[in-house]
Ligand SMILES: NC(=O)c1ccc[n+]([C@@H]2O[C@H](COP(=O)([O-])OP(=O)(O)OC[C@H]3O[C@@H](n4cnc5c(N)ncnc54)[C@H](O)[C@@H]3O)[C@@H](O)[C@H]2O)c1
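To begin, one chain is listed below as structure tokens, in the form predicted on its own.
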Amino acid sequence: MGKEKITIVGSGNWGSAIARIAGNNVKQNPDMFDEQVKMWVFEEEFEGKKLTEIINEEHENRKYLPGVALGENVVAIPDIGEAVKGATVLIFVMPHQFLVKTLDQMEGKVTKGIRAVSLAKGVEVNGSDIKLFADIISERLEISCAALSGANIANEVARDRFSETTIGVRKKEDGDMWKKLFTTPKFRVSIVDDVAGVSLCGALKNIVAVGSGLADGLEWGNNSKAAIMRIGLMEMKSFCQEFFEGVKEETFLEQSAGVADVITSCLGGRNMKVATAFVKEKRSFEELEKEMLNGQKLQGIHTAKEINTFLKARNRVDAYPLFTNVYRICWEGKPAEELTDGL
């Protein structure tokens, strides 16, 4: 068999951190992986220069992950067709708002039967139907797609602060390849047979993080924050087990994708920080996103809206009061002070 050829679809903060890990690990496993790691980059200018040129000449994504060397074998490519050509392993890591449009550009350009992993945090909702992005990728491209999620703040992972993550796989034999591609002494990978649980935890924890940030903005203190985190984790678990078959309880309680990711997102994630500013500064999320996130996207408020649309269609809004209150505060003008009503 030939060597695995890696393409990363996305190049933001988290995408660049993952590119660094993959770029180092392919060199450590030359019998399994081709040394070059391609990274599709949405072309834009930064400080008067094309971002792809900066990455390829300086081996650093100075816009989204400044101060971190990516390695000379990570190659930025602005054309999606060229980036995925010949790839046998695809790593999707981008804001979920852009994933479907990116898949539109990839159809017919990807070899059927290759493997992928989704790091995108979100779900697609159409009325009473809900789909995981790992499933959408699998169906659209006719490939097998795993899911990766965990307590992984990108800047910390990129600087080799000890972290854990969880990968949900469909085929047990795929786990060995993913471990070799992602594991480092400071980035520990666990493999579970639970694509849905890992995917949903990655999406839903962002709603909880927004709730945590709203409480911080109100200066309610640590007791309230802990309660929101616990209630949020329980709503995550209930939602997954109510609407998806085969989700494992241990994914929530024993894996980084579950309780650990809730903790880190509520303590230091972008959704928490922007929600705090939303309360304190009384400005719109759109304005705060542009000012605070350096081109990154806020995902928790959009996931809250998508989940609320789904719950309304299923007549289950009242069963998830934290998810519902976060949605109403972010989108309907409900006072932040009513965050805990009905919990």
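Since the model is a prediction, treat every value here as computed from it, not as a measurement. Don't overthink the numbering: it's just position in the shown sequence, from 1.
This next part talks about the form predicted in complex with the ligand, which is not shown.
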Query raised in the report: Exactly one stretch in 92-100, 230-238, 191-199, 245-253 has heavy atoms within 4.5 Å of the ligand in the predicted bound form; which is it?
Result: 92-100
Report task. Indicate whether the candidate residues P78, M106 and E142 are all in contact with the ligand in the predicted bound form, with contact defined as any heavy atom within 4.5 Å. Result -> no
Report task. Would you please decide whether E58 lies within 4.5 angstroms of the ligand in the predicted bound form, comparing each non-hydrogen atom pair? Result -> no
Report task. Indicate whether the ligand has at least one heavy atom within 4.5 Å of a heavy atom of N308 in the predicted bound form. Result -> no
Query raised in the report: Taking heavy atoms only, is N13 within 4.5 angstroms of the ligand in the predicted bound form?
Result: yes
Query raised in the report: Does the ligand get within 4.5 angstroms of any non-hydrogen atom of Y64 in the predicted bound form?
Result: yes
Query raised in the report: Going through 229-253 from first to last, which residues have a non-hydrogen atom within 4.5 Å of the ligand in the predicted bound form?
Result: none
